[in-house]
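As a starting point, one isolated chain is supplied in structure tokens, in the form predicted on its own.
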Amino acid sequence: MRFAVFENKIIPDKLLDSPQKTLQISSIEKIPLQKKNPSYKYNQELQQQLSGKQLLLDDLAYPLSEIHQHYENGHLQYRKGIIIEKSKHTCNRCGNRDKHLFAWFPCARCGEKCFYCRKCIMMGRVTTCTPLLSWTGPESQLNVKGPQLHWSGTLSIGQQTASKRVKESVLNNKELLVWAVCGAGKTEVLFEGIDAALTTGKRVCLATPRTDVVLELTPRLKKVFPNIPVASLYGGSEGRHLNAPLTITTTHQLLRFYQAFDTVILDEVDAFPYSVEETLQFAVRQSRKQVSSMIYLTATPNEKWQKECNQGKREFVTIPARFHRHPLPVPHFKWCGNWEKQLKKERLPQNVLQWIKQRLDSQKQSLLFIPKIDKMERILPIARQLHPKIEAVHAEDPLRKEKVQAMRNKEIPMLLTTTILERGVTFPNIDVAVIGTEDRIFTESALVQIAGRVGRSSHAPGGDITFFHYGKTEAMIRARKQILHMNAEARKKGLIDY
């Protein structure tokens, strides 16, 4: 598509009455905003679909003439899909600046060589002739009246402290890091803050890097906020145009949002892919209103954030203990020699075999984390010599969900796994070991999360966590230190009894 600049507004070429000079929207120096016409009778369905969003024309099932009429009456804005400065391209939707992630094609819509962003193409193609559309008319009313929380549970002392801080940050549009140990009950800590936001007419987003967490959180939050619409967004989900007061979404879906939320809560801020993907971090920032609150949740903040917390440069609150008031299990370090060399001879180190046999003999379920899939596939037949029902699972395994469920049903005595099960999966009474802990995939964050699989249930608050290694790493030492620090803080605050 091409646009003409005429009488301080832009006009799509298809709507021109007479020949005018036209340009790709990316070539227009400044796109004029139109004065809002308060008496304009706008399309309420279009308002619902575009409020807090940045969408392509292809995403909207309305005539171009109707869409443009909303622009002329100040109820809609066109933004450049791609910004070009000094021959450098920036995607306005995802923030991509990597020249290798832009490509061009001969475009039938604008008749020119058109560049497009490959980084966010899964959301629809953004090109140099593509406008991004956002709503600038009256805000849609969320119709939330009075407190909405319906929950009769109780919070631990540590949870109460964190809940109060979350609520204060939400009401005062502040940022806060909630640093809570694995199994501390982070979700419950959010309830009062979300309720306070909704009661004051704020729009809330709970974002997480992983689809399975969205699927887990949606029914829980619908149960405690039963009288409001809750949008649940992930790849392939329905209800994409639901303009709800509470949205639960993957961070990828936030690429469609623009200055939408008064409160953004980001769960698992340390989790892949958010932790390494600048596009997703850009999407979270862009989804917030200019005046808004931001709550980060994690059990394992990165080294930079930990340093900022310790130096007083970042607002944070800790929940250093689980609700059952038992300390976190502390990892044991056990040297196992050159385990990869032994594996080539179809053998496992003796102390690893001994660890597996002890769990099988005592009929206690266990997880064995392995750094690579090919190594796991070689260990599986060796482990099955000890018990035929031992299974292995990884991210690309088509039976992944079934195997995890079989583990929950206690049909499997032991599950070999990659880091895919380091978070988001809870088994009530298990021991955990890592073989090859020296591998760089086992970061401090990953190791704290893996250790956090143990002792989560009040019926089985203890358990064994062992790191088998061929040389200690800084990540191992830092992970153990972090767990010991949390236990010490919990004891000091009177949050554990043992």
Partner chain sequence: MKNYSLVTYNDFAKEMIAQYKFRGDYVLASVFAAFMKKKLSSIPFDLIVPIPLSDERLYERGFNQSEALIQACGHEPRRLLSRIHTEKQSKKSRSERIHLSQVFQIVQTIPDQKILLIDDIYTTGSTLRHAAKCLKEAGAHSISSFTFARG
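All values derive from a computational prediction rather than experimental measurement. Numbering follows the first chain given and starts at 1.
Keep in mind that the form predicted together with the partner chain is missing from the display, and what follows is about it.
- For the chain shown alone, K14 is a contact residue for the partner chain in the model of the complex, at least one non-hydrogen atom being within 4.5 angstroms.
- Using a 4.5 Å cutoff between non-hydrogen atoms, Y116 counts as a contact of the partner chain in the model of the complex.
- In the model of the complex, none of the heavy atoms of W335 sits within 4.5 Å of a heavy atom of the partner chain.
- Looking at R79, you'd find every heavy atom of it more than 4.5 angstroms from the partner chain in the model of the complex.
- A heavy atom within 4.5 Å of the partner chain in the model of the complex is found for exactly one of A108, V291, A395, V330: A108.
- Just one of C309, L360, I121, L215 comes within 4.5 Å of the partner chain in the model of the complex, counting any heavy atom, and that one is I121.
- Contact here is defined as any heavy atom lying within 4.5 Å of the partner chain in the model of the complex, and by that definition not a single one of F6, L33 and H70 is a contact residue.
- Of the candidate stretches 122-130, 321-329, 227-235, 350-358, only 122-130 has residues whose heavy atoms lie within 4.5 Å of the partner chain in the model of the complex.
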